[in-house]
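Have a look below at one chain only, the form predicted on its own, in structure tokens format.
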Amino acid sequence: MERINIGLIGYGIVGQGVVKILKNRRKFFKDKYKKDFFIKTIADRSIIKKPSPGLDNTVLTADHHVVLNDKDIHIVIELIGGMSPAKDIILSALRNGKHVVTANKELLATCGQELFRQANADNRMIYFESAVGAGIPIIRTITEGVAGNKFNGVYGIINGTCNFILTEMSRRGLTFQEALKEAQEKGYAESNPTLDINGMDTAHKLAVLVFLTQGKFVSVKDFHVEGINHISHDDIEFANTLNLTIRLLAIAKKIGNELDVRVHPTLIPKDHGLATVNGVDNAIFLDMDPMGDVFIEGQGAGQMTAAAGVVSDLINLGIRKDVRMPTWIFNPTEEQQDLNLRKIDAVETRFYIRFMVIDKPGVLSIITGVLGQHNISIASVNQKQENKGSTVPVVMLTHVANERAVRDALEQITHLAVVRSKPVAIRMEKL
């Protein structure tokens, strides 16, 4: 029976979940894989304040260098998140001959190419299943299960917090703030949820999916990222009447030699699988050639879900740890040189636009006149009936329109005397 010594750096919620699984299923893993996954050392700055039952044979330390310098440790699990010192920890682990498991999507999105090159130089591997979709096996599906396919597009709901908020706004008629508060009370959202609701968490995960499916390392600074905090209950209601659903969607699709990469709230048809993904669930829709469409869904948040993805990586690394690792698709190092990012200004799609206007004759003709000046054609108009003189929402669906033209038109419309607030525009996506 071979023992696989593990060094865990970061003993937070997910780290504690990993320990629970490895302790509770140790005999099962021994019997099935003929490997003994042993937690040799745990490093955490606050280790003395955290519960550690059943870890009598494990070294507990506040110094992560104890893990990195231990020659007997085979695999380092990095679960502290963020950029620093996580990057130095992973680089040091690789240089010291250790494989790495991480769930750090921000670091991979920002420095993935550098980390993978170091891994290949040291004949080590970085596994990162829980970086996208927690325990949903999307990374392994892309890199192994459908490796022979060309990826035409990737569409994902990959932030459980935002999906929970939008689901509760739709199901129960909650306001954005009410749904966010409930997400925090249930532990689905951080006390500071900014990275979730402004779309950046989704953007980091999308960047990881892009380099795995398209061979292009993209920075979140170079593509459009938009959150959900401007979505109102009016938008949810109007979407329902149009047989559409609003979801925060990660989009990456190949158009010729360009990549259209963006994150934003998106209107999708209710009969599409992504529209049925509710609560904290995540889902990824892959458009591939020759295989066609693949849809993967599962719980995308929670301690044990994320921990299960980490343990899956541990098992796969434990089985392969002594195999000579060539440069492999799981840790890509080179880019597709002929691919360029399409600027958001060049995107063309249909739009849902909500205006808050004074309810009086002539308002619609004024607004449609401005839209017409920018070559934006209207497909339909919906207006709630209210008392004359009051402020009412007017919703328009456009035909396919240019992003820049829509933005310029809305900027002009915002300053009209009959318009009471900045218009809300939500892109529609044909899946």
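This one's a predicted model, so the numbers in the text were calculated from it and none came from an experiment. In case it trips you up, residue 1 is the first one in the sequence shown, and so on.
If you look for the form predicted in complex with ligand HSE, you will not find it shown, but the lines that follow are about it.
Between ligand HSE and the residues 158, 310, 263, 209, the one pair within 4.5 Å by heavy atoms in the predicted bound form involves 158. For the candidate set 354, 216, 98, 105, a heavy atom within 4.5 Å of ligand HSE in the predicted bound form is found for exactly one residue, namely 105. Contact annotation for residue 238: none of its heavy atoms lies within 4.5 Å of ligand HSE in the predicted bound form.
The shortest heavy atom separation between residue 190 and ligand HSE in the predicted bound form is within 4.5 Å. The closest non-hydrogen atom of residue 205 lies within 4.5 Å of ligand HSE in the predicted bound form.
Ligand HSE is not drawn, but in the predicted bound form it has no heavy atom within 4.5 Å of residue 129. Heavy atoms within 4.5 Å of ligand HSE in the predicted bound form are found in one stretch of 334 to 342, 238 to 246, 356 to 364, 159 to 167, which is 159 to 167. Residues 300, 301 are the ones in 300 to 321 with at least one heavy atom within 4.5 Å of ligand HSE in the predicted bound form, listed in sequence order.
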